[in-house]
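Just the one chain here, laid out as structure tokens, in the form predicted alone.
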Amino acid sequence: MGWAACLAALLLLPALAFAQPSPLVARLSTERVAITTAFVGESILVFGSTEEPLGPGGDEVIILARGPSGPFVVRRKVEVLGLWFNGPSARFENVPGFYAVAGTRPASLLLPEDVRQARGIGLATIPLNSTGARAPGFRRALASLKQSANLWQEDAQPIEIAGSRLFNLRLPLPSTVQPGSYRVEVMLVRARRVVATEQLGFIVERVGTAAEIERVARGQPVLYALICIILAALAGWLGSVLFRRN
């Protein structure tokens, strides 16, 4: 092959690669979730298609969503003479505020454990390193609190398949979801290996009155506390007037 032919082949490679169909295509129904004073939670639709048929004996799909991480403190209540006080505590760093994983089948049936550990697939793979009290009970308490608030979900519902190559998952966001950037990873699994990945993302942000309340609470905490006290006093006075028996 001469230099002219090699040069022509190199020039054609990008075009050929672009022409090859992707084995996985995924999208989100929205890239922005607005938190207002009437926010009661929302759900985002993750949907897409695959090149090969989905289901037993074919390809499988796993969807992993993560929210912003931050510190989290777990405290144990201690009863003393009939009163409850804060006892030992454990502080965990980089705790994901939101975590959800789902698949066409449970991830433990689709991928080896070392792959799931490396990719952080499953609640058991979340690295929770604590300072302070290090009893395993604090880690279990943290996981229980997050799961009871629907902020951590594992196989809460399976991915639905339609037409053998189309898939979708309704990703529920509870009312306590935190503002920030969220990352969604869609993985195509074939023969117990991840063969393709789609990286998606969306933003959760406060808007309108909710954003103003947050701005005042963070920027002027004294003013925010005074307003709360005044509103509580007005509510108490109004209640006494409305329910006065005479």
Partner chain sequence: MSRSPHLQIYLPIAEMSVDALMLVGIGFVVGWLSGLFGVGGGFLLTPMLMLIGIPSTVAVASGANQTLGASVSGLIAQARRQNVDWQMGGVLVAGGLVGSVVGVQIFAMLRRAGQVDAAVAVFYVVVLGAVGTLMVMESVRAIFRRSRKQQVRLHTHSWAHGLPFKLRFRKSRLYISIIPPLMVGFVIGILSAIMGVGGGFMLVPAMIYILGMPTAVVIGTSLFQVVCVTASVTFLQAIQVGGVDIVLTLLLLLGGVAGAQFGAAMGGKLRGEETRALLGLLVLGVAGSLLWDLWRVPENLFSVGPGW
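Positions refer to the first chain, counted from 1. Rigid core here is just the name for the largest C-alpha set that superposes within 1.5 Å across the two forms. Nothing here was measured: the structure is a model prediction, and the numbers come from that model.
The form predicted in complex with its partner chain is left out here; the points below concern that form.
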| property | result |
| --- | --- |
| Leu64: touches its partner chain in the predicted complex, heavy atom cutoff 4.5 angstroms | no |
| Gly201: touches its partner chain in the predicted complex, heavy atom cutoff 4.5 angstroms | no |
| is_contact(Ala191, its partner chain) in the predicted complex, heavy atom dist at most 4.5 Å | no |
| Distance check, Phe39 to its partner chain in the predicted complex, heavy atom within 4.5 Å | yes |
| Heavy atom contact within 4.5 Å of its partner chain in the predicted complex, the stretch among 160-168, 118-126, 82-90, 102-110 | 82-90 |
| 4.5 Å heavy atom contact with its partner chain in the predicted complex for all of Leu54, Pro68 and Ala156 | no |
| Residues of stretch 172-190 in contact with its partner chain in the predicted complex (4.5 Å, non-hydrogen atom) | Ser175, Thr176, Gln178 |
| Rigid-core frame, C-alpha of Ser181, shift of 2 angstroms or more between this form and the one not shown | no |
| Rigid core fit then Gln220 CA moved by 2 Å or more between this form and the one not shown | yes |
